[in-house]
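Before any questions on how it binds or moves, here is one chain, the form predicted alone, in structure tokens.
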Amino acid sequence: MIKQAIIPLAGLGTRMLPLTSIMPKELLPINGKPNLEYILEECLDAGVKQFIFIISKKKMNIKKYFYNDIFYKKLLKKKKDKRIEKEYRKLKKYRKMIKFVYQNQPKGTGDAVLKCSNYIKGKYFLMLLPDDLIIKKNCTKEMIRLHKQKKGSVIGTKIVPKKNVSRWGILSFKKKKKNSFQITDVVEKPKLKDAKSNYAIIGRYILPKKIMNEIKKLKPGQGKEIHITDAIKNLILKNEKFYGNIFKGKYLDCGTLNGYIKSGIEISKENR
């Protein structure tokens, strides 16, 4: 059973400026709750027991969010508020499950994952990107179910307009079934003429621990970063089985200002 989830949080969030000049994008509220907590809830509902947060020294507010005891204790001495007490208990519960790892240079998702190598206990682990929220259906649960069936790695995917493929990591595949397929290749942001499909990678992965060895061999790629997709590609070439999970939920992009605004509207509709 997969019990650990890596969540990369060290990015600067430049697409969300000016909001992210004072607050990490992962703590920006969506319908009264930080983006990050939606990710935690999805994982907990799927049986995850430990989170590894990858942050930088510039984003210590994320750690402070879970460890702000002095603030809460002073407040609760003055004001006995049941709602505040409940929120404080929830944060204390979360922090018992969180390990913080630091990535102080923006060297990509591959580099971020490699920094967690010593903390991964099982053969497989989850990685979730907090810019991508999926509501209505638990995508992590679906992926764990597919992983159990296939005994392999899993990547969350959805169809995107063909004209937009150059914005995404794109999957090639065979043996497509109703909601899944076997992945034969991964290409990061291909040109339209080079894209083998319009199934894009969404920020949900079940990866094998052995991917750490592949990451160590990589040289910086696009943007002089170490990309996790390059390590995945190399494992596929070595006949490691990867499967695409065509998730059933609704995808929300929280990584841009426009997407953030739309996400708040969609989630508020769900909670009416």
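Everything numeric in this text was worked out from a predicted model, so none of it was measured. Don't overthink the numbering: it's just position in the shown sequence, from 1.
What follows is about the form predicted together with a small molecule, which we do not show.
Stretch-level contact check against the small molecule in the model of the complex with heavy atoms at 4.5 Å: of 86 to 94, 161 to 169, 67 to 75, 117 to 125, the positive one is 161 to 169. The three marked residues, 140, 173 and 248, fail to reach the small molecule in the model of the complex, with no heavy atom of any inside 4.5 Å. In the model of the complex, the small molecule sits within 4.5 Å of a heavy atom belonging to residue 229. Heavy atoms of residue 131 reach within 4.5 Å of the small molecule in the model of the complex, making it an interface residue. Shown alone here, residue 185 lies farther than 4.5 Å from the small molecule in the model of the complex, counting heavy atoms only. Of the heavy atoms in residue 189, some are within 4.5 Å of the small molecule in the model of the complex.
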